Every structure is written in C-alpha cells, then in structure tokens.
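Next comes just one chain, in structure tokens: the form predicted on its own.
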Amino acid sequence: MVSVNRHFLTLQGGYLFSEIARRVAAFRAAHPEKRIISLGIGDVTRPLAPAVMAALRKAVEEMGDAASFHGYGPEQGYQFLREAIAAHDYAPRGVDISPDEIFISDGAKSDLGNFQELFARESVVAVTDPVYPVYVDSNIMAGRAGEFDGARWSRILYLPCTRENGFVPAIPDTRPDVIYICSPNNPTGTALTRTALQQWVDYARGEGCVILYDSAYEAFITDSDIPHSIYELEGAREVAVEFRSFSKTAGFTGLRCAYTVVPRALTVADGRGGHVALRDLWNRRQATKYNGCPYIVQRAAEAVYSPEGRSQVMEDIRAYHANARRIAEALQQTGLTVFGGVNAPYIWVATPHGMSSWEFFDRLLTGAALVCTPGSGFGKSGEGYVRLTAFGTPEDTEEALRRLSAITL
C-alpha cells in the first residue's frame, strides 16, 4: 500500500485559522442580528489602481489577437517586468540587481514555502518567534522540524522577539544554516533598523548562513533608518535571498504576482567539496515545477511602476497607513500597549489584565462583534498578544473603533 509523507500528518498550522472560523461561526449563529467586523483580515479591501486596470484590459485584448497572443511565457518572468523591477525597486536605492537575478512568481508565500527545497534535509533552520507559519510548516513538510512538544519543534531554532528585546531577534548561540527574517514583520508590525539588520548580514557572512528575507511589506516603511531592501547593506548579496510581493503593495491578493531575488554571488556547498550558485538551482527548480505568472498579470504589475501607477498605489498605502494610525491611537487611549502600525500594516496589541490571546479574542468577539488574530497562533512568544490589521475599509475601521470604545477591556 502506498504511504503518505508522514511529516504532513504532524502539521499543526491549520489550527489557528480553523479555530477562529469555528468561534466566529458559532457567534454568528447565536447572534445573526450582529454584523461582524474583522480587524484580523490579512487581505486588502481597496480595488486595483486605474493604471493597473488599464494595463490588464490592454493585455487581455492582446491575448484575443493572433498577432499579439502570448502562450507559454518564460518561467523566470517576462523581461519587461524584471527590468522594471530592477530599475525602480533597486537602482534608485543604489542597489545593483540584474534582471536575470529576479524571478517572477504568483506569490511570496509560494516562493518562501518552496525555496527550502534547495537545502539539505539536515539543514538547521532558524525562525523568529512569533513567526509567519509558512516558514515553519514548509520545513515540517520537508522533514527538518523534528518532534513537536506542544509549543515548538525540536530541530527548529527559535529566535524570540518580545517587548523585552524590542522585537529584535538576538544572534543565536547555536549556528543555523538558514535564517528566516521578515521585516517589516508579520505579525508584530515592527521593523529592523539598518544597524540591526547589518548585524545579521555580518553574522551570516561569518558563519556561512543563508538569510531568507521576507520583504513583502517594504512599501509601508516610513522611517529613514529602516532599509527597504536587505541589499542596501554591505555584503548582503553574498548571503541573502529577498522575497517581495505586489499583494499588499498594489492590492494584487486576488491577481497574484510577486518576485524573488537570488544574487549570483550567493553560493552554498554542493556536498562534493565545491560550491554552487543558489540562483542557478532556483532557476532549475522553477523551470521544472513552475509554468510562470500569466502574461496579463505581469503587464498589470509593470503598470505599478508607471508614474500614474506609482501615484495611485501610494494613495492606497496612505489610506491603510491612516487606518493603522487610527487603530493604534484609539487603543492607546483605552490604556492598551501597542506596537507596530508605523512601518507596517499590522498592529501588535498586548492583552490586558493577564488575559491569554484567546481570552482577549473572545472578549472582542462577544463584546463588540470584532475579530482579531490571537498572537499565540504565531508561536510561543506570541502568547499575550493579538494582531490587528489596517486593511479594512475606513468605514469599518471607524465602526470597529467605536465599538471598542464602548466595551470594558
């Protein structure tokens, strides 16, 4: 009889969101007259920018004409988009990234989950805690995680990010092979300064580690001391892979487009006494397992870099920033301790009176028909916090804050 990959059977990650859905469904059934507002939503609510829509329509028309029809595209992405990314996301920051080091995909989560395939099964993986679940779950699937003790996996190296250390992970005593870093961070909404990130780059160079740098929220950065790309730092091209997305930057959550940068200078041991470029291995992996992001979507992404597109996209970012600012200010006025929301669309809220994450979740749901995301679902260090997001509409955000002010926390 055929056997399954047993590591899939040990996955814990689905529990958080299935439990949220269960509790919300139960509340809705008991109180059908109440309109539930989610401040836990990780999806955007503003529509695609007009420049993006115009590019989509034009590309669709091209697909209906034999003279301009596009079939299979390059697995790495069309050159026009890779060149636009290099020219607009990197060159203005003094970063020399070649288009052939850029790989277009359908999402940063997909790439973050798939990139671990390039590393040996015995590789030691380090993640910040709290952590975006795909970092851990994809390594569980690959058999790298070890045993689960109810809170953590035995072979995963956890780097706690707490208010005590300013949400800056400390350099570990034990050397990892692969280090996942997300900045601006999901879920805490905090971000690493240039100095803090340089320490990680220097450590990776000295120890021969690879940093997988999730930069999906870089468009929300407002502080000048927060780098938009890890490649702004000296030596990062030798040790870091960067993952970016159009999902939150340009509202592509339903359209799907992202990209990963793998510099040619980044090499790892080949197990035979030599070295191999990760860029070439990722290229081989994508050519084998991926058929490429659709032509019409890549044309839409290209439009994000037009003057009109950039202006329209930044208007959306400012709207989400305004939501984050209103949420943070309102919660602070109620006496809650709040982090994030400045360089990211996420607000990390410490639960009051020693409540657990789930207890506070239930308090908001039952008392105000509001949904948040319990921090404990992101890891052991997330207990005692909840995550709120700024991706709701302004109207829903204002209504949510009105309800919050009317209940006793």
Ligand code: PLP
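In this text, all values refer to a predicted model and were calculated from it rather than measured experimentally. Residue numbers here begin at 1 and follow the sequence given.
The same protein has a further form, the form predicted in complex with pyridoxal-5'-phosphate (PLP), not shown here; the description that follows concerns it.
Asker: Only one of S229, S138, S247, Q76 has a non-hydrogen atom within 4.5 angstroms of pyridoxal-5'-phosphate (PLP) in the model of the complex; which is it?
Answerer: Checking each option against pyridoxal-5'-phosphate (PLP) in the model of the complex, the one that comes within 4.5 Å is S247.
Asker: Just give me the single entry in A236, I85, V178, L112 that has a non-hydrogen atom within 4.5 angstroms of pyridoxal-5'-phosphate (PLP) in the model of the complex.
Answerer: Among A236, I85, V178, L112, a heavy atom within 4.5 Å of pyridoxal-5'-phosphate (PLP) in the model of the complex occurs only for L112.
Asker: Could you tell me if C161 has a non-hydrogen atom within 4.5 Å of pyridoxal-5'-phosphate (PLP) in the model of the complex?
Answerer: No, C161 is distant from the partner.
Asker: Consider V201 of the chain shown here, and say whether it contacts pyridoxal-5'-phosphate (PLP) in the model of the complex, taking contact as heavy atoms within 4.5 Å.
Answerer: The answer is no: V201 has no heavy atom within 4.5 Å of pyridoxal-5'-phosphate (PLP).
Asker: Contact with pyridoxal-5'-phosphate (PLP) in the model of the complex for N186, defined as at least one heavy atom pair within 4.5 Å: yes or no?
Answerer: Result yes; N186 sits at the interface with pyridoxal-5'-phosphate (PLP) in the model of the complex.
Asker: According to a 4.5 angstroms non-hydrogen atom cut-off, is R256 in contact with pyridoxal-5'-phosphate (PLP) in the model of the complex?
Answerer: Result yes; R256 sits at the interface with pyridoxal-5'-phosphate (PLP) in the model of the complex.
Asker: Using a 4.5 Å heavy atom cut-off, indicate which stretch of 140 to 148, 334 to 342, 316 to 324, 178 to 186 touches pyridoxal-5'-phosphate (PLP) in the model of the complex.
Answerer: Result for this chain: 178 to 186.
Asker: Residue by residue through 201 to 231, which ones have a non-hydrogen atom no more than 4.5 angstroms from pyridoxal-5'-phosphate (PLP) in the model of the complex?
Answerer: The stretch touches the partner through D214, A216, Y217.
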